[in-house]
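Here we start with a single chain on its own, the form predicted on its own, put down as structure tokens.
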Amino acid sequence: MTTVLVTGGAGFIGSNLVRYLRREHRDWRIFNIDKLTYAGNLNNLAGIEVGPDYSFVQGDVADGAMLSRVWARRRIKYVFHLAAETHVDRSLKDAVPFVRANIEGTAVLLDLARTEGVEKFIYMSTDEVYGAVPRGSDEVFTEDSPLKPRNPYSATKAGADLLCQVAHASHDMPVVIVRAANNYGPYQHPEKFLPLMLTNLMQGRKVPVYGTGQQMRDWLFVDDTCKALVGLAERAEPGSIYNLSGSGLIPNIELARKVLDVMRLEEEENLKMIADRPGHDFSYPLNADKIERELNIRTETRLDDGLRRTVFWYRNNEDWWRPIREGRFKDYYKEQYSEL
């Protein structure tokens, strides 16, 4: 039996990966570790039963002793390292949790994985490690582009990215890095742009859009990411780095308009332009030819289709997102979007 470790498996991408594995790889045994911070939610895993082929452990990936206990007497073949602090706005207010989770946590996990031996260590990086392309530039990021992060979140992700590269160079660890575009889909915390938009509209609130809304983003449906992660574990060469793009760049304001169209709502009544955030990156254009050429991995979900599926999910799962909106998130929202 193939045994895998998923870190951050109660978060957005992590819980979707666990669900994907339970659906598509029933013969795989999964160990899921999550610290259960505000963004880790056991409700993301509702319906997945603990048993011989699935276990959940609440723990911090920066806690080496805890990781050693999980690893004890088990031969883990693949590590999917997704645990991270991820929200740029929060990192601008307090970078320290990002340093511990994203850098220290990755360092501890790499050291233990090297000691125990794994066949593949998949690190989930981000397109934001490349920094930003200014408006009017025709630059496109390839896997060989330099890392130039511009906020605390992306700086810590870049630091972990480099630690993974060093682990391969120094210790020949079978690390594979994927730098992915903006993910979206079910179970994404309402602090993020798309679920914030959806849940605001479903509560009769306006949607906050930073600046003029012309920032360009590439949107990647989370199921495509999960499929790619498994493909990387099974077929990528150790030491490889791959970009993973979505449906192509679109301005944030246009994404908001697409959502309004799906929900049959008027723009003027439901959008609110607010002051831009500090150092807001304009664009992260990715060239993802390498992953398609070498591994035949390509994204399959068109943005319009993915948006409809996402809107449908949030409409039909108010019992998932409403408790989040009514909990600690209320104070964050009030401070972050005081203009609304």
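Throughout, we count residues from 1 along the sequence that is shown. Every value quoted in this text rests on a predicted model; they were computed, and no experiment measured them.
This next part talks about the form predicted together with a small molecule, which is not shown.
Of the residues given (227, 192, 168, 120), 192 alone sits with a heavy atom within 4.5 Å of the small molecule in the predicted complex. Comparing 108 to 116, 132 to 140, 68 to 76, 175 to 183 against the small molecule in the predicted complex, the single stretch with non-hydrogen atoms within 4.5 angstroms of it is 175 to 183. When contacts are judged by a 4.5 Å heavy atom cut-off, residue 30 does not count as touching the small molecule in the predicted complex. Residue contact check for residue 40: one or more of its heavy atoms lie within 4.5 Å of the small molecule in the predicted complex. The small molecule is not drawn, but in the predicted complex it has no heavy atom within 4.5 Å of residue 245. Contact annotation for residue 259: none of its heavy atoms lies within 4.5 Å of the small molecule in the predicted complex.
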